[in-house]
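Coming up are structure 1 and structure 2: the same protein chain in two forms, each one given alone as C-alpha cells.
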Structure 1
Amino acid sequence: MAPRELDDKPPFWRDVKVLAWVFQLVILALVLAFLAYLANNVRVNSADLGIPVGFEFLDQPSSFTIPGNDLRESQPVRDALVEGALNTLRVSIVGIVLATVLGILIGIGRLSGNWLLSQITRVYVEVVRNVPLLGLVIFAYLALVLAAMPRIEDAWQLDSLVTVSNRGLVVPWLTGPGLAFLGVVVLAFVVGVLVAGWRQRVAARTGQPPRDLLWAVASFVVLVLVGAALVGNGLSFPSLEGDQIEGGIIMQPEYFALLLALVIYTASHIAEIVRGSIQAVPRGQFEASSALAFSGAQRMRYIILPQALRIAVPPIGNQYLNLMKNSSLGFAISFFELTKVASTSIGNRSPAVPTYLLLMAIYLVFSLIISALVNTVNRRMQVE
C-alpha cells in the first residue's frame, strides 16, 4: 500500500479547524439553550403572577411628571422614556465635552515645570479618582448645590448673564426657530473646517504660521452670529423678579450637580490618560522641537499633543462610555435620566422585566454610537 501523501488533509474528526468550529458551535448552543431556559422561566412565572411580559405598557399613561419638563401624567410611558433618554443625552454630551477639555488641561498641568501647578493637579487626580462616584454625586448635590448656593432671594448675579441660586443655574438662551439655528451651526462648522484646511495649504505654500485654529474659530463665531441674526434668533437674558427668574434657560439643581460630579470625576481619569500618552511620545520629539526654537505652547500644540492624542483616543473613548453609563447615578439625587424614569415607571405598575430590557437596549445603542464615533476619530488619526 502506498504511503499517504504529506499534503493530504486529515479526516474531519481530526481536523483542528473543524474541531475548533464544532467546539464554538457547541458553546453557542449551550448559551442559547440557557437563555431560552431563563426566558421560559420568566414567561411562566410572570404568567402565574399575572404580570405581562410584552411592551403594551408603553401605551399606558405614565402617571408621573418630570421636574422642569412639560410631560403630563396622561402621556404614555413611551413619552416619559423618551424624555429620560434625552436627559441622559443632555448630561452625557455636555459632560463629555467639558471633561475632555478639563482632563487635557489637567494632564498637561501634571507635567508642568511649575512645581505648584504640577502638585495641585497631582493632588486633584489622586483624590478625585479614588473617591466613589456615587458619593461625589450626592456630595455635589447636598453640599455644593443645596447648601452652598444662596436662596433665590439672595441669588448671585453676574451682569444679567448668569443667575445662581439653590434653584439652579440660569444662563442666557436663544429665542426664535431652533431648527434654523441648528442648521446655521452645522454650516458654520463646515465652513470653519474648510477655512482651517485653506490656512494649512497657505502655510505649506508660503511657510507662514497657519494659525488654522484661530481662523477656524473666528469664522465659526462670525458665521453663527450673522446667521442667527438672519434667521431671526435672539438672546433671552435672565432677570430676577422677586422670588422668580424670568428669561434665559435654567439648569436644574439635580442636573447641575450630576454634571459637575461626572465632569470632575471623568476628567481625573482622562488627565492620567493624557499624561501617560504625552510621556509615551519619543523623547527625541521634545528635543527636536526645542532645537527648532518652538515655545512651550507651540511644542505642545504642534508636536506633542497630535502624537499623544493618537495614543490617548481609545482609552479616552472608554471614559466617554463610562460617563454616559455613570449618568444613571442621577437617580440618587432624583434627576430624571433614563434609569430614574424607568424605575419610576416600574413603581407605577409597569412590568419590570420588559422595562429593564428596553432600558439596557437604549444604553447599548448609545454606547455603540459613541464607540463608532470614537473609532472613526481613531482611524482618522492613525499614521498611514
Structure 2
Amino acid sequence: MAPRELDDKPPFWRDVKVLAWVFQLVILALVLAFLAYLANNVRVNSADLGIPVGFEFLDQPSSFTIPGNDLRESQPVRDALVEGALNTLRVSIVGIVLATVLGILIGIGRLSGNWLLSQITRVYVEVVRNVPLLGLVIFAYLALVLAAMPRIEDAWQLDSLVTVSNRGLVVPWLTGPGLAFLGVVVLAFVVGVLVAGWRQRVAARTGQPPRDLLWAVASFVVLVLVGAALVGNGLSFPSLEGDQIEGGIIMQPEYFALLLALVIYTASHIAEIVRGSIQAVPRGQFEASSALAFSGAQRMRYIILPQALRIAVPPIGNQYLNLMKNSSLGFAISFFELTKVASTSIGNRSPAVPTYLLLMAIYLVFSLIISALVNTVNRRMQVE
C-alpha cells in the first residue's frame, strides 16, 4: 500500500465541511417538515370545521364593543384590533415613563445615607419583586380600585381638577381649541429645552452656576401662561351631574389598575438595575466629586447618574420590553388591550389561528421598535 500523501483530500463522506452542511440541512429539513405538518393540519382541521384560514375576517364586523370607546359592533375587526393596539401603547408608554421615574428615585433611595429611606425602599423592592405580577394586577383592580374607591355618588373631588370614583379617575382634558393649546405646550417645552442648553453653554463659558433647570421651567411656565391667554386653554373640567361625569377625560378603572400594577412592579426591577449601576461607578468618582465640593444632589446629578445610567440603559430597555409584554395581563381584568381584544374577537367568530398569529406579529413588531429605540439611545450614550 502506497503511503498516503498529506494533501490527499478525504472522501466526501468523511470531509468535515461536507458533513457539517449535510448535518445542518438534515436538521433544517426536519424543522421545515414539522412546520409544514403543522400548517397542513391547520388547513385540514379548519376545512373540516368550515373555518377560513385567511385574513379576510379582518374586514368583517366585530360584533362586540369596547367599554369606554365608541367603536360600534358593525365596525370591522380591524378597527377593534387597532383600538386594542392603541390601548396597549397607551398603557405601555405612560407606564414606561412613570416606572422609569419611580425606579430611578427608589434606586437612589436604596443607597441613601438615610437609614429609614434605604430600609423602606429595600422592603418595597423585596416585597414587590417577589410576588407574581398577575397577583398585583388583580389586587390593584379588585381590592384597590373597585373595592376601596368610593361609588360615583360620593366620589372624591379635588376641586374640579381630579375626580376619583370606582368609575375611574377623571382629570381635565383638552377640547376644541385645545389642540392649538397643545401646540403651545409642545412649543413651550421645546423652548425650555433650548433655554436649558443655552444656560449650560453660558455656564461652560463663564463658570457661572448654570441654574438650567430653573430657567427652563420658568420659560416653560411663562410661555404656557402667555399661550393660554392668547388662544384660550380649551380645557374641559370634569363636573359631577348626579351619577354622570361630564367633561374631562376619564381614566378607566381597568386602565388605572393595570397601569398602577405595571408601574409598581417594573419600578422595583428598574430600581435594582439603577442601584447596581450606581454601585458600579468607581469609588474614585464619588471621592473626586466630594473633593471638588459638590453637594450630595449635585454629585448625583452631574457625576454619578450620567455614568450609572450609561451602564443601566440595556437592562432598563429589557424592562421596557417586559412592561410592554406584561400589559397583556390586562386580559385578566378585562382591560381591552391587544390580547383581550384578540380573544374577544375569537369569541365572536374570528378564526383562532390567524388571529393569534396576527397578535404575535403585532407584539413582535412592538418589541422590535422598543429594542431599536433602546439600541439607538444606547449607542448615543456610549463614550467614544
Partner chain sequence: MVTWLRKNLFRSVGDSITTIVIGSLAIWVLYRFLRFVFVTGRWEIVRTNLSLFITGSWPEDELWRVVVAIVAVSFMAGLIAGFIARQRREEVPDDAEPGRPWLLDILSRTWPLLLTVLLLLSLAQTVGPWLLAVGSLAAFAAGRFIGPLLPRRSGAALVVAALVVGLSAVWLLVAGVEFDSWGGLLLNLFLAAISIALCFPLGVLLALGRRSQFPILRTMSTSYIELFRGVPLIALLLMANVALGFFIPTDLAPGKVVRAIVILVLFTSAYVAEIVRGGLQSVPIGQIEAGRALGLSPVSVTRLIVLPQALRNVIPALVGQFISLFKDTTLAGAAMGLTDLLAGPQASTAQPAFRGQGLIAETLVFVLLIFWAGSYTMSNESQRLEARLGVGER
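One-based numbering along structure 1's sequence throughout. Superpose the two forms; the largest set of C-alphas matching within 1.5 Å is the rigid core. Quantities reported herein were computed from a predicted structural model and do not represent experimental measurements.
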I need to confirm something. Of structure 1 and structure 2, which is the form predicted alone? 1
After the core is matched up, is the C-alpha of Gly192 off by 2 Å or more between structures 1 and 2? yes
Indicate whether Leu19 shows a C-alpha shift of 2 Å or more between structures 1 and 2, with the rigid core used for the fit. yes
So that I can tell if Leu223 moves, could you say whether its C-alpha shifts by at least 2 Å between structures 1 and 2 after the core superposition? yes
By how many angstrom is the Cα of Ala29 displaced between structures 1 and 2 when the rigid core is overlaid? 4.4
